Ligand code: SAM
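Below sits a lone chain in structure tokens, taken as the form predicted alone.
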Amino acid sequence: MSNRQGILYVVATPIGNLGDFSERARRTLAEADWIAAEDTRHTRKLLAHFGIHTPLSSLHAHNEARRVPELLARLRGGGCGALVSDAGTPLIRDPGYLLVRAAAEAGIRVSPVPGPCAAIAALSVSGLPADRFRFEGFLPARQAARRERLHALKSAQATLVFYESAHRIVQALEDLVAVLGAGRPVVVARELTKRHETVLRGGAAEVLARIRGDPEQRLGEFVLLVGAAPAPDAGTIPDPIRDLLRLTLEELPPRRAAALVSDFSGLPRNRLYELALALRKSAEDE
């Protein structure tokens, strides 16, 4: 894969089922001059299975900053490299951001070789709305921080997508029940594309009970999805939003202020415009 201009390929690899490894991904890794892998031991097994012998080097969270200059020099010299993570699409809660950013800033072509991604795979089968979602990575390991994060996301008007580990899945669901409520829609997708793949759907308390009652459902790798918060009552404007609108009216006309606060809060623009007119009139009457 010699080329006068170096290219960095960002290559997705299987999250479980090796049949998901695309022909293009295999060819790209076979023809690259080098592969930067999150865990060379893991990637070496994948390459051996497909008879790929491209030289491997490590690129993980602890050495990425140190390795970037060397890999960037190879790319500048015309070599073509490939970036892979242990499974799925690189950079989605995996290393590689520093290398991709440096290559892009250096004017080097960065080209995706798309494929498996656990978050997107789980979202596609969750049964939850996928037109708007937020990928939040892993929840904090400590309960206090985890609950604080959930409180911050409690009113999010989007499906929430998390990764979670086997030894914390129960605690994460317990905190979901405590912070977001027992009935909040939850989906737990476990071991996607593997032999023991399961997708559990229901209210947060119901899914928690099913996982508590079945030790097998506490094993493997998890994607945790949470339904969006109920839309706020269009007829009720919370006090903090009223205060924000009042402050915005000090600088903007009612229609523009209402539009700005609507974009921020998700509340109906026409309702905020009516309130803005009322607030402006009240201020003029004082």
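One-based numbering along the sequence shown. On a predicted model such as this, the values are computed, not experimentally measured, just so you know.
This next part talks about the form predicted in complex with the named molecule, which is not shown.
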| query | finding |
| --- | --- |
| Proximity to the named molecule in the predicted complex, single hit among C117, L128, A102, V177 (heavy atom within 4.5 Å) | C117 |
| Answer option from E64, E221, D39, D33, heavy atom within 4.5 Å of the named molecule in the predicted complex | E221 |
| Per-stretch contact check against the named molecule in the predicted complex, the hit in 149-157, 189-197, 105-113, 202-210 (non-hydrogen atom, 4.5 angstroms) | 189-197 |
| Partner proximity in the predicted complex: R93 to the named molecule, non-hydrogen atom cutoff 4.5 Å | yes |
| Distance check, L98 to the named molecule in the predicted complex, heavy atom within 4.5 Å | no |
| Contact test in the predicted complex: A172 vs the named molecule, heavy atoms, 4.5 Å | no |
| The named molecule contact in the predicted complex: A87, any heavy atom under 4.5 Å | yes |
| Contact set, 243-264 vs the named molecule in the predicted complex - heavy atom within 4.5 angstroms | none |
